[in-house]
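The chain that follows stands alone, in the form predicted alone, written as structure tokens.
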């Protein structure tokens, strides 16, 4: 089987986005636009992937991470034809087929590209292009056919007459082409147009005039070929993507109380009979177990929730793990490194960070637990703080099983509290506390009778 190379065009300025960010880095479903065609191209197992970059090249490279990609810089943006021509040296001597994709067309499917590949190779074509039928084809090049339904050319929107503008079949801008024909055709292109650019679709005319075999494949779902050129189009595509994801999970047995305000990224996993309230964002590699209840207004990233977890209203979770039956919120913030055991309760206005909290323990009110390990069946009173930072380093607090920490207590790390310790209300703990003991600070409570009346008289004279 012939080899396959991929040329992914990502050098466009995206002027209509009105952004300093390269267009292909604008996010769709939490990922850069470029991620989607690159992922689809990878599914075809190509031998070589080349991405053509221009403005913001370094940012685009960083966004792709450690992918095995060959990068080509188009120093001057002189059109799509010129961008492809910049890859000529890379594909010198390459005898396979070249698939040309656009970095701002995120929805093209593997199945459509496989059909394109099959059609191209079955007919030993020099060029095969993807087409689509659009009800509103404004802005797209129209496919021209003769009475035998054979392709005879492409007319761009700006050059089309009224009869041609009524044609609904359009050029998708996705091509499969032999390298020898491609680079020969590109050398013959001219830029005699208002923009002074070399247009890739012009190779279709070159192929037809020289008697090359040219084939077309029409996608079944025209939405596959829609590109992103404006922020409005990005929003429309985001909504369509979210509707598809939400529909998938509802069909799998998840209840979404308000799908229109529920945002779930592609790599999230949800268990059956989980109920998700409105204004919920589930992102990254979040995994939600079965029979969970998320009241709403939750913002969850890279979290793992066991079965039967209850997220009460308005919580923020990032890179944390929650075991079965735990309850979090309302208004709680679980920061990276948090791990909650079975049946743990984390209540309103509680913040955790690098906190390991054992089974059945509770911190229900107004508490900061940072860099701490808490044992089983321990209760942390309201207003408790683990003082983990001295301005230079972070230190850890360790709290044993069945510990009772009174309200308004301060635990100054590094410090260790043994099992069954009682910390009296408003205690500052600076040293390790042995198991089974009471720790408190000696304070004398004083009462001054008549003080309020004396104060009032003094203020009235002032």
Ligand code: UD1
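In this text, all values refer to a predicted model and were calculated from it rather than measured experimentally. Numbering follows the first chain given and starts at 1.
The protein also exists as the form predicted in complex with this ligand; that form is not presented, and the subsequent description refers to it.
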| item | value |
| --- | --- |
| In the model of the complex, residue 313 touching this ligand (heavy atom, 4.5 Å) | no |
| In the model of the complex, residue 181 touching this ligand (heavy atom, 4.5 Å) | no |
| Heavy atom of residue 443 within 4.5 Å of this ligand in the model of the complex | no |
| In the model of the complex, residue 78 touching this ligand (heavy atom, 4.5 Å) | yes |
| This ligand: the contacting residue among 355, 83, 219, 332 in the model of the complex [heavy atom, 4.5 Å] | 83 |
| Heavy atom within 4.5 Å of this ligand in the model of the complex - residue from 375, 106, 141, 341 | 141 |
| Answer range among 167-175, 278-286, 380-388, 355-363 for contact with this ligand, defined in the model of the complex as heavy atoms within 4.5 Å | 167-175 |
| Every residue of 256, 299 and 304 near this ligand in the model of the complex, heavy atom within 4.5 Å | no |
| Sequence-ordered residues of 3-17 touching this ligand in the model of the complex, heavy atom within 4.5 Å | 9, 10, 11, 12, 16 |
